[in-house]
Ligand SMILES: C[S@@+](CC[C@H](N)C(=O)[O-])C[C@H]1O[C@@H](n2cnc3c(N)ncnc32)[C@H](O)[C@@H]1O
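Presented below, as structure tokens, is a lone chain in the form predicted on its own.
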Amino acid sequence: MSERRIPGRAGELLAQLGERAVLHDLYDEVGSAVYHDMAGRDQHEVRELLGLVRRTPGPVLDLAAGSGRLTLPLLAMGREVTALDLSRSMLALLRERLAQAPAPLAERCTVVQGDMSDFSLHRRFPVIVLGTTSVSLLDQAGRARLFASVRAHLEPGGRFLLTTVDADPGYTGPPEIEQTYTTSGGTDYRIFDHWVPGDAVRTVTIFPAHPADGPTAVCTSNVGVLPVGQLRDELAHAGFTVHSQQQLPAVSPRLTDVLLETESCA
């Protein structure tokens, strides 16, 4: 990937690794594998999203589906699922998981490579889901295109369910938070989340907790901070009504995920 400035302690660790460090985007082939490894035991927001999906029967469009963090649970509910993602690497991992799943479950999944901000599937869905706060990956213009695409694919009375990261504007702690995460397979990672209150973007950087000698993959991504109030305003401008807003369990001292249940206005 192109050179990217990594702030804070994460940048210092990157410099210490020197030429051993190989920087990857979190959604390229290497980064996708790390993301998938970490998502294996992460059930954050899954229960809440599935609870809302259960209220509306029928097929589901899973946007920014990745390696199937929501796709597989949706299929396990007995739903037909169309899983759309831009990353070939993420979709390759999803296809591997589907190949290992029971045939009746895998046969109900359609995998599509596409941009969530500009897609055309020539059908409508009663439920469209955008989880993992992926709406924060788009800028304002991209979100406007996303909302237009969703409206074009949502059945009358259907639901658009999405999550966003809501930052505490009064946070006065350090700009960088470090966490250690152990995957279901026993791999340890160090995660650095750098955000200065008021900034529109935070930088997430992931290191192996115990780097071996030789090349060391370091994965990073710039993620937008989209306050729920701003998101609600943008949704209203795009023709959506918010039916419910649910605060999810906090993932850090300064960031809270919020789940919105919306409907396209007639």
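Each residue number is its position in the shown sequence, starting from 1. Quick caveat, the model's predicted, so the values are computed rather than measured.
Below: the form predicted in complex with the named molecule, not depicted.
Even though the named molecule is not shown here, does residue 61 get within 4.5 Å of it in the predicted bound form, heavy atoms only? Residue 61: no contact with the named molecule in the predicted bound form.
May I ask you to state whether residue 69 is within 4.5 Å of the named molecule in the predicted bound form, using heavy atom distances? Although the named molecule is absent here, residue 69 would touch it in the predicted bound form, with heavy atoms inside 4.5 Å.
Looking in the predicted bound form, any heavy atom of residue 138 within 4.5 Å of the named molecule? Residue 138: yes, in contact with the named molecule in the predicted bound form.
Is residue 115 close enough to touch the named molecule in the predicted bound form, meaning at least one heavy atom pair within 4.5 Å? Yes, residue 115 sits close enough to the named molecule in the predicted bound form that at least one of its heavy atoms falls within 4.5 Å.
Contact stretch among 83-91, 103-111, 192-200, 177-185 - heavy atom within 4.5 Å of the named molecule in the predicted bound form: Looking at the other structure, the answer is 83-91.
For the spot marked by 27, 65 and 132, is every residue within 4.5 Å of the named molecule in the predicted bound form through some heavy atom? So, yes: the whole triplet contacts the named molecule.
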